[in-house]
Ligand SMILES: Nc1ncnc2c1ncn2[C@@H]1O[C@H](COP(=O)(O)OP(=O)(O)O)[C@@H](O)[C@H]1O
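First, one chain by itself in structure tokens, the form predicted on its own.
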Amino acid sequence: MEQQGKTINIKGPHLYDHQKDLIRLFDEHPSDSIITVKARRQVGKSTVNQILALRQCINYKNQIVIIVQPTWKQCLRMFKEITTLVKGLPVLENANKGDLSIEFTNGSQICFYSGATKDTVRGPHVTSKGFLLIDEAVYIPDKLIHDILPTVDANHANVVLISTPKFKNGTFYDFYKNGIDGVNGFYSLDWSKYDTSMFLTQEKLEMYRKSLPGPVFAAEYLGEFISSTSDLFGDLSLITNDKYDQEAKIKSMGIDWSNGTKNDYTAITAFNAKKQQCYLEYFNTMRPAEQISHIINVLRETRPETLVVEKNGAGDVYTDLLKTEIRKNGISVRLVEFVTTNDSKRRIYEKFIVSANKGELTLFGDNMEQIQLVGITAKSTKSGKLTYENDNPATHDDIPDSLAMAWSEMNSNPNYVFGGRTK
């Protein structure tokens, strides 16, 4: 790399063909271009991102590169990695951990922003030799992507979106498809077509194949877009909307308890009075007492009219503990204890499936939620009745169960309240 006619030696890693082709594509289309890279996990995305950002900032004066990543922690990690690469070299002016910005002696700058923030990227515009990098773009809300795209307009700078794929919808998929279809200004690279075995052995790949849900493995380790269409729920993209009325009353919340296995979660979901999903949380690392305490805090903050809780197996103990804490804390909520049988599960699932297909509700675009919904199938029991479940032991159906429980009580009028007033 050069700065002001001087060669600056940065001991960066070796670049492989797929990484070099991104840089080559960037150079072939230096302005007003949207470059999309579809990649498997762990194939050197961060490495080439860092090299490309450093190259533009060191080789050109007074440039601004903006890097957007899904979380603040990811921003901090790349900030530290880039800072380490140039530490002790005459190109580094200042590295500010507080606002996650790196300044160079020639006036160029790298600015980091988290996709988790509710605020859009405001302030500096990307310069002509800089670029906007949206890293792991499928995990960044589409609205935020479109909010930050104008930062490149004034100076006709490039945009680079790089990510493992997920569903066949959303901004990342649309931009990638535009590049494949030859839409003017869009260019796409498919890293899954390259030999990246130097990053992941065939043995390790087979281990992931056996231990991960099929859709997750296909997306993350084969680099394939997966369908969000379910045989039961239809095209989930038609009822997916991360926006919901935050002022609307939460009508019904459902809790499906973890059975204690590795891939099974305690799942909490809720719908508001406008039939919009307005809450989603799933976890499997909390001890029983921690879970109950956490759920009490959730109930305090959200104040649902109705709470539907699974009452089977371990759920019996969890539910009794939760009822005790609800009484102690004086929380007013209509409590429904749901006992799962083939008949009861079929009843709530069929109500949920019909409403989803009619478009009577909206769901979040969370990846795990959609993967679990896509995996739900209808099967015939020995008695000839239908049952609904997910066959894949690595996926489970805790989130769909929670959603179906919550939806089953959406139109129920609270005729008694548990906790704050005795039933």
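Note that residue numbering follows the sequence shown and begins at 1. Given the structure is predicted, the values throughout are model-derived calculations rather than measurements.
One more form of this protein should be noted, the form predicted together with the named molecule, which is absent from this view; the next part is about it.
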query	finding
Contact test, all of F26, V159 and G185, partner the named molecule in the predicted complex, heavy atom 4.5 Å	no
Partner-contacting position among T387, S355, N59, S46 - heavy atom within 4.5 Å of the named molecule in the predicted complex	S46
Heavy atom contact within 4.5 Å of the named molecule in the predicted complex, the stretch among 46 to 54, 30 to 38, 59 to 67, 356 to 364	46 to 54
Partner proximity in the predicted complex: M410 to the named molecule, non-hydrogen atom cutoff 4.5 Å	no
Close approach of F199 to the named molecule in the predicted complex, 4.5 Å, heavy atom	yes
4.5 Å heavy atom contact, Q42 and the named molecule in the predicted complex	yes
Partner contacts in the predicted complex for 18 to 33 (non-hydrogen atom within 4.5 angstroms of the named molecule)	Q19
